[in-house]
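Just the one chain here, laid out as structure tokens, in the form predicted on its own.
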């Protein structure tokens, strides 16, 4: 499922950001450029962290940035950003973050479907390692194709 949403245009490697907000915005910008969401959706992802804390930092070095479908989603989208220098989100257990996966879904059902698929993929530490260590976009895409 995930490989149909994650395209080469939705991936950036070794991105330079100043902080967690920059990391979230980098992933959101890819969704915006891919016509998956509105600028307001990116703001909603940032607002979610500000209001709820770093709950989206799911594992050591990994954040899953998202907001609610009604915050400005046009279609299901998935982006992946690796950071040149890891940043702290405020998660004592899982900071610093070096891999940010951002997604948007058009409704609650699709939102849950994408979350489940990501959880299934990311539960394998080898998959997380492959994404973190990828030197090329093709390596990232290959990791998702293997699991398809």
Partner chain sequence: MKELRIMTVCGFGLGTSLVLKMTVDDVLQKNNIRANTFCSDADTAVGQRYDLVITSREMEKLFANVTQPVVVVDNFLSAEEVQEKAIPVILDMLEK
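The model shown is predicted, which means the values in this text are computed figures rather than measured ones. Residue numbers count along the first chain shown, from 1. Under this definition, the rigid core comprises the largest set of C-alpha atoms superposing within 1.5 Å between the forms.
Omitted from view is the form predicted in complex with the partner chain, to which the following refers.
Asker: Select from the listed residues 69, 96, 40, 34 the one whose heavy atoms reach within 4.5 Å of the partner chain in the predicted bound form.
Answerer: None of the other options qualify; the answer is 69.
Asker: For the partner chain, considered in the predicted bound form: do all three of 25, 30 and 84 come within 4.5 Å of it, counting heavy atoms only?
Answerer: No.
Asker: Considering only heavy atoms, tell me if residue 48 and the partner chain come within 4.5 Å of each other in the predicted bound form.
Answerer: Output for residue 48 is yes: heavy atoms within 4.5 Å of the partner chain.
Asker: Wondering, does residue 64 line up within 4.5 Å of the partner chain in the predicted bound form on heavy atoms?
Answerer: Contact check for residue 64: yes, within 4.5 Å of the partner chain in the predicted bound form.
Asker: Can residue 56 be called a contact residue for the partner chain in the predicted bound form at 4.5 Å between heavy atoms?
Answerer: Residue-level check for residue 56: yes, a contact with the partner chain.
Asker: Would you give me the residues of 109 to 145 that have any heavy atom within 4.5 Å of the partner chain in the predicted bound form, in order from first to last?
Answerer: Result: 111, 112, 115, 116, 119, 122, 123, 128.
Asker: Superposing on the rigid core, is the Cα displacement of residue 52 between this form and the one not shown 2 Å or more?
Answerer: After core superposition, the displacement of the residue 52 C-alpha between this form and the one not shown stays below 2 Å, so no.
Asker: Return yes or no for residue 113: a CA shift of at least 2 Å between this form and the one not shown, with the rigid core superposed?
Answerer: Yes: residue 113 shifts by at least 2 Å between this form and the one not shown.
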